[in-house]
Ligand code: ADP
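Encoded as structure tokens, the following chain is the form predicted on its own, with no partner shown.
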Amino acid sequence: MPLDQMPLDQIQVDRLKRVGPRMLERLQRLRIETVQDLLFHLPSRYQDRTRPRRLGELRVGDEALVDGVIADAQIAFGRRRSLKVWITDDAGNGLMLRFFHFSPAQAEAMRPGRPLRCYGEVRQGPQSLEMVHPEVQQPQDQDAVAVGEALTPIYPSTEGMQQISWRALIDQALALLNASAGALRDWVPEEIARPLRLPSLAHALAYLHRPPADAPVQALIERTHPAFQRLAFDEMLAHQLALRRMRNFRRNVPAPVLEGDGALRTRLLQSLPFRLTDAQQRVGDEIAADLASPLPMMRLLQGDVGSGKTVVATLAALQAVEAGYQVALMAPTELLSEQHLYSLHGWLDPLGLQVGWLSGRHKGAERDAMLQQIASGAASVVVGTHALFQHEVVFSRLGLTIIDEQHRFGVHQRMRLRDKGEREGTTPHQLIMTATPIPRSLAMAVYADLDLSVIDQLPAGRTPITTVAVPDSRRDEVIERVRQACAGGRQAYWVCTLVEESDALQAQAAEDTALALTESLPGLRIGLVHGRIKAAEREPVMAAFKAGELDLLVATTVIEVGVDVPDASLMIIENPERLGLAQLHQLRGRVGRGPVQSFCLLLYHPPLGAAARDRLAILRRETSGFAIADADLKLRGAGEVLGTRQAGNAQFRLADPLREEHLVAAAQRGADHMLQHWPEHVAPMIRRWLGDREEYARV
């Protein structure tokens, strides 16, 4: 069949001109298999080559097309050899062009009096504005080179793919799109799309790939143009459809009724040295009601750092155990799983319950023994990492799964743990926890398959943490502050960060810092933990710090979550400018857990960039995780804050639920309408935007 008569989702990209095996491999790296995939690979930005700018109008940071005449050209010999070309315009304004890589022929061509047309980024040079390695055309006269008729798209790329290749491929895809009205099926019914007053899908794609010369550049850059809004809506609609379909499918599978007699929960509450807050009680009641229902609970539990999510989750676990079922608690890191294990031992051992632990470190006979305890049901509550959903792990009677720091797991990982409890036609209940608060509207956009509970109250007796930013030139003063705090009987953390994502480099930084602080603070008991220390060596250090046998704990960001030491009242974070707001807030939350006034010192390296200054100012000003999350969303966007940039998570490619908040409700209504009236459109809509991801393909 001729290409111009085929649907675009059935035309493989290797049928396009100039797509050989090598280019095909490059496209497949970006998950581009069909012409439809190619059309949905949108430009990340645009260059305006439609009209030359006058040299006198240029500002630092501009990307501009300029015309000029060569006034002078010379090869300069300094630290690096360079070709410097000075051009001027008819108004007498000038611009320096600088080339570090050039041939003798190129240097020879730069003769005074010749016209040039250049495109590049304007920078501040030593003496004047300049462009470094601009794209250059050298006509016989300035009218010989035509300007572009449309803005020039710049596409996200991969190694070996040039922009000229992208534009040639997209031209072929657009030609096929225009060849037939049915080439690209619009799965959004007209009655859903019409009220939004957005362009058709085909028009939106054509516009975004080849915006006309008079297109509003800022609206395209900020992705507020109606053409982009149409695609953002479609993606959000597909996301809502997928989550609703998955939720409806799972609601059709019953869950065990976990009522329990309340005996274990009553004994735990009587043993606690504190009373639950009203918020904890309210959320606990919501969870208890879910567990007593034959419908599987799928609940997201939000709570700020230190709000007491763990004890609420433990009460839920006890309800399941009372009903004769096992509980699995999965955490993203071994250290966090250790901290949960420590807390659960303290609460559940006196109740006569066995708590198991399974992580990647368990090998051989130790692992076999733990697998046997899980399979036999001897371990009532099992704590672990990703190891919990490995093939060899078999539960006796799993009734409830609890997942902590859910944004570090993908939907399919949640499902794999849930699958461990499927038996006799039932599926376990799920409780998913996060200490990254997000607005309710955004949570419902991203986690539409989950019910939402929020612990919006901190326990009584907590003192607000005072946060101060200090330049690292005052490092000696900060060390003295640590000495005084520890001399007064308090404990402190010193957190080391690096730009690099290397565990080895992070560990080295922490080890070097611990050594330096040991020399500077000879009277203090100092411990060290980082991700490369084996759990068997790390556990005694953490236990000693918690028991007050260490004064200062030097650590990497592995202590970000789960560590609870009430006597720790001083936190030093080195190079905080390298971390995001949510991570800084989590780290700060390791102190302020007791009645003593706590402090967090942000030991930064000046000068700070504008974004880093904003982050640190917000952290100094705000103590509420919800306020910080709102600020973080505005600074970084929903994808980064929610952790959906990580592989395996159901992420948005184009839409941002924060930026397009006005479209979220429309997408939710549209999804309900499509499921009811246009069910045959649901699967192709999901496939177009989400592909065959495991978590959606299975339902």
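Residues carry their position along the shown sequence, with the first being 1. Here the structure is a predicted model, which is why all the values come from computation and not from measurement.
Keep in mind that the form predicted in complex with the ligand is not shown, yet the notes after this line are about it.
Checking E235, D449, D304, E574 for any heavy atom within 4.5 Å of the ligand in the model of the complex turns up a single hit: D304. Checking F100, F77, F249, F274 for any heavy atom within 4.5 Å of the ligand in the model of the complex turns up a single hit: F274.
Contact check for K309: a non-hydrogen atom falls within 4.5 Å of the ligand in the model of the complex. Using a 4.5 Å cutoff between non-hydrogen atoms, G262 does not count as a contact of the ligand in the model of the complex. The ligand is not drawn, but in the model of the complex it has a heavy atom within 4.5 Å of R462.
The closest non-hydrogen atom of P566 lies within 4.5 Å of the ligand in the model of the complex. Contact with the ligand in the model of the complex, defined as any heavy atom within 4.5 Å, is confined among 113 to 121, 274 to 282, 170 to 178, 614 to 622 to 274 to 282.
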